[in-house]
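One chain follows as structure tokens, the form predicted on its own.
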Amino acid sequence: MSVFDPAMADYLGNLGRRGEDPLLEEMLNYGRERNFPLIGPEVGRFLYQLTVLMGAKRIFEMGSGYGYSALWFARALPEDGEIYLTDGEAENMTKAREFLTRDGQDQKAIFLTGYAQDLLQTTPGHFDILFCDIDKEQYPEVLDLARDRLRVGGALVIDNLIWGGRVADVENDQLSTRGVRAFTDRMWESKDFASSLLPIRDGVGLCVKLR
């Protein structure tokens, strides 16, 4: 299921890839070959724009894979900006370091291996942007973590809230689908955030901390 008909989805996907540079294309192909899910250029461009618009200097990713989303963020950060990458697999962090180094962005990056929620809680300071793309059954706990670690005016960005249309299927009771639904309900109900669900690719949640 998609919020767009197939022809429109193809159009938007192709538009997102227009003018994409060789390194990002290589990273996309690397993911396709391994059936590794990625945010894609549509969401990547949004992350880049958001970073520039906010004047963000400090970003934390919960679930970085091998660095595709981090590269979009890092390119938008100023020279003194920093982005924390996290993943449970050391091999992914090694590959992320390789890709960001090739692009000259490694000096902005801190590579952390382990459970993203724990790493967030043990990393000091507040952040301008938190990006979340962890296992979907873990989504419901993210909002409370973000509330404590974002600055006022900061943004939580969370991927896959349309979840391939499964969230709209009342008979779908998978743990991952329940996790996405539960997070979306909490996001919408929280008075501490101004939230919206943007129909970009598989659905991007944007939660701006108000207090």
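A residue's number is simply how far along the shown sequence it sits, counting from 1. What you see is a predicted model, and the numbers here were worked out from it, not measured in a lab.
As for the form predicted together with a small molecule, it is not shown, yet the points below apply to it.
Contact with the small molecule in the model of the complex, judged as any non-hydrogen atom within 4.5 angstroms, is confined among 94 to 102, 108 to 116, 75 to 83, 121 to 129 to 108 to 116. Though the small molecule is absent from this view, in the model of the complex it lies within 4.5 Å of a heavy atom of just one residue from 179, 154, 41, 65, which is 65.
Contact between residue 31 and the small molecule in the model of the complex is not found at the 4.5 Å heavy atom cutoff. When the small molecule is considered in the model of the complex, residue 51 lies well away from it, no heavy atom lying within 4.5 Å. In the model of the complex, the small molecule sits within 4.5 Å of a heavy atom of residue 88. Shown alone here, residue 164 lies farther than 4.5 Å from the small molecule in the model of the complex, counting heavy atoms only.
Annotated contacts: 46, 195 and 197 are all free of the small molecule in the model of the complex [non-hydrogen atom within 4.5 angstroms].
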